[in-house]
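Below, in structure tokens: the form predicted alone, a single chain.
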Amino acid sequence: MEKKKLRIGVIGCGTVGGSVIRSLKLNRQALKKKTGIDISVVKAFDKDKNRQKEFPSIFTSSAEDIVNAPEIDIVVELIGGVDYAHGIVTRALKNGKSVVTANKALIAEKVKEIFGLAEEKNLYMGFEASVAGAIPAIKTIRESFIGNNISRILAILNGTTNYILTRMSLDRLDFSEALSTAQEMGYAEANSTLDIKGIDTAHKLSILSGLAFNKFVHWKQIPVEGIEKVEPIDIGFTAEFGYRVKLLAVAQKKDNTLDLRVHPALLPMKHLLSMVEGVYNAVYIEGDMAGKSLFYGEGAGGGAAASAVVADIVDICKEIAQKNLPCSTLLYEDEKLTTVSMEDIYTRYYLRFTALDKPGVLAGISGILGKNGISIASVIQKEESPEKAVPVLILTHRAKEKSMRDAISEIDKLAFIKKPTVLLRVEE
């Protein structure tokens, strides 16, 4: 392969962007030996002018200087957000430059438009860092598992929420205490709404499921529940049943239906995903040939994301140097595949009722569950106190979500039920 020199422009020099620039500079000669390509960052821009001090020789006055520079082959967008980043990416593509981004919100919002434009222009889009940090989840689905019919993905895709749930589990902190600790440690932003409400995870699930199942579902169409209502009492009780609570991204294909959702869920303690703690991420994939696989690693932080960005840059540089035309990212849209509404899913459930300790309570609850086609697998009453309400815990067999909601609505109206019922779904 003929040696080439390819030039990079980086827009956004924060934690990730700075790591990318430093890595490419430090490893320039090593990468040249490994690939035969001289990869150099020739321009960089950030709205924060203080970052100019670290990269004075390549810092430029505006993002447009990079997007419009004729010598730049690849634009790296690391500014986050949707609207401004969308303008940067589309202008770069229209100007004949391939793009690498870590922006999951942008990809989840504008996937068809951006990838369609890249394919029209015969350019490359690198977006590995948009999902699960340093874990090569996207590359695995697009390349390593391309011959598989993937049937299921379970994933922990947000380090902030996984850290919070880990502290709640191991240290019995309540949600607000665990969130404050995460913020003090730098694992959570001051405003962590996108994380704790599951929206960040939904962005990533939209991307992963689109690649795995050829059905790009907008993240706003994915049912989402966050972790803000998870209580330490339930984490403790579920452990007695042999489970741990995780914020899960779920994608399951059966026949011509696709079940996508994000919510806190119980995982058996023996399941590999239940052992993923702290800020780590993991992606569990079931394929017809590969079987069951788990990919585990750091999902957050500048180094993890920068690792994926640099990998994309090098891959694209190799393709450009070899004059290979890009393969389609979108491939095709599976028109036969339809999404399942949340009310139509089937799963097992953990229920915590707060009921007066008196005869007939369990019979009343079980009667309503039975009437709605829900059978009980296990029951635990944690206390005995005729004068006050006590927790009654039930683990069910598989049931339909709508049936469960109807049953809980009726049970919560009973005179002996003193608080709204807590529901957590179970994934095996």
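Fair warning: this is a prediction, and the values are worked out from it, not measured in the lab. Counting begins at 1, following the sequence as shown.
One more form of this protein should be noted, the form predicted in complex with a small molecule, which is absent from this view; the next part is about it.
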Completion exercise
Answer key, the small molecule contact in the model of the complex at 4.5 Å (heavy atoms) among A202, L266, I164, L157: the residue is L157
Exercise for the section: Only one of C317, A188, I153, I138 comes within 4.5 Å of the small molecule in the model of the complex by heavy atoms, so just point that one out. Expected result: A188
Problem - the small molecule contact in the model of the complex: K104, any heavy atom under 4.5 Å - result: yes
Exercise for the section: Report whether the minimum heavy atom distance between E77 and the small molecule in the model of the complex is within 4.5 Å. Expected result: no
Handout entry: in the model of the complex, G126 touching the small molecule (heavy atom, 4.5 Å)
Key = no
Exercise for the section: Decide whether D195 counts as a contact residue for the small molecule in the model of the complex under a heavy atom distance cut-off of 4.5 Å. Expected result: yes
Practice task
Could you tell me which of 82 to 90, 288 to 296, 231 to 239, 180 to 188 sits within 4.5 Å of the small molecule in the model of the complex, going by non-hydrogen atoms?
Solution key: 180 to 188
